[in-house]
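Below you'll find only one chain, the form predicted on its own, shown as structure tokens.
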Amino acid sequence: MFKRPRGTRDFLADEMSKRRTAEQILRATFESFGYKEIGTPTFENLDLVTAKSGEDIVEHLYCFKDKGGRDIALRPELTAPVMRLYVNELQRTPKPVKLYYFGNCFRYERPQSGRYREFWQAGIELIGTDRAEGEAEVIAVAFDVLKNLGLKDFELHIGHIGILRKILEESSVPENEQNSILNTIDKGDGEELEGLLHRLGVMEEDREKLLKILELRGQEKEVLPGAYRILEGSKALEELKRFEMILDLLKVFDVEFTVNLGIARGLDYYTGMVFEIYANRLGAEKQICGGGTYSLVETFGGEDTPSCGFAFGFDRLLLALELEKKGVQVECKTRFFVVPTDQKLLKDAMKISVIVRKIGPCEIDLMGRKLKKAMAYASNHEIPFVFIVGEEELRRGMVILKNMGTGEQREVEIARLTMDR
């Protein structure tokens, strides 16, 4: 027997039905806000990936040289390919450009619960606007996805990296060192953070300001007054006012959120609002979505263009639904099953299945079973209706229709089946 590669999975029919149903809900939600689907290659030039994520990511990639000697990598995420596509094809498109994607990604990491070497991402990118209403809409799309899927036990936390950057700017911290600080904040190591701030010469007043801001977490009415007091007289106040505008607009979308000014999203390209969504039942690896406002277009050779987006970890999202003991609700796709009572009626049964298939998904017995066993097959596969093709009924132009849920059965005129389409 051949084993599948480590960190990959096979999906049986029931699991694929759940995945496809969830995927359809994501797509429908994205499209309800006017986002259009795009697709990018499964592999990209290695320099595209390192341009966004740095050289250190190479050890976590599936990368190789192709037959032309080019360095290629299986995509580890989808934002960089989408930005490349935008720069190549869409820069002159009227703004904003609203895109969504769904695809598999690959990382060479140690497999664990909810983390695989092949995994799926779904997300959106809003390109060309940095207005508060755009940022609020992006968050609202993510929130609506979870509501439409029926997930209950989750938290949406929103912060603003622009506030943190302004505090550091006032202390004359260069941008590359700001990124080091933000990465440390993202790791959640307070002791390491304080040591780094000392080493980089961040003034005591600004250190205290930053550390106090990072502690602010809770409801908007509790957090914002404290933030305004801490930032009094600071250039960061402008960023805080902008952040308040986003939060105010989220109420119009009926989005429930927690303000968390300690979120840093340790990636260098984030510039403003950031958010993360946690599914509490997943334990330590509970983040199912992350995103925010960023600047990446110029990294790939385009004009400086504000952007905002997010990505869902699709596999963790499905796991969170399963842990709520509900999963994705899937209807049986086969609605009808056609069974001849005798094999000499097989061709007649096949003709009837062709007609019925125009009404809805239909199977025909392919095993030559006796009626009792054929009915057991339909029951085991939760097929709701069975057409029984009998010799006597055929003579009268009729077929028996049995409701498997109620046990009720009645004769149906075959000619009527073509009319009922």
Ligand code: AMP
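Just count from 1 along the sequence shown to find any residue number. Values in this document were obtained by computation on a predicted structure and should not be read as measured data.
Just so you know, the form predicted together with this ligand exists too; it's not on screen, but the next bit is about it.
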Which of 342-350, 239-247, 191-199, 306-314 lines the interface with this ligand in the predicted bound form (heavy atom within 4.5 Å): 306-314
Residue among Q287, S171, T129, T184 with a heavy atom within 4.5 Å of this ligand in the predicted bound form: Q287
Interface check vs this ligand in the predicted bound form: of N179, T334, S234, Q121, the one with a heavy atom inside 4.5 Å is Q121
Although the partner isn't part of this model, could you tell me whether R115 comes within 4.5 Å of this ligand in the predicted bound form, counting any heavy atom of the residue? yes
Can you tell me whether K152 touches this ligand? I mean in the predicted bound form, with a 4.5 angstroms heavy atom cut-off. no
With heavy atoms only and a cut-off of 4.5 Å, decide whether E77 touches this ligand in the predicted bound form. yes
Is K166 close to this ligand in the predicted bound form, meaning a heavy atom pair under 4.5 Å apart or at it? no
Contacts with this ligand in the predicted bound form, stretch 89-109 (heavy atom within 4.5 Å): R107, E109
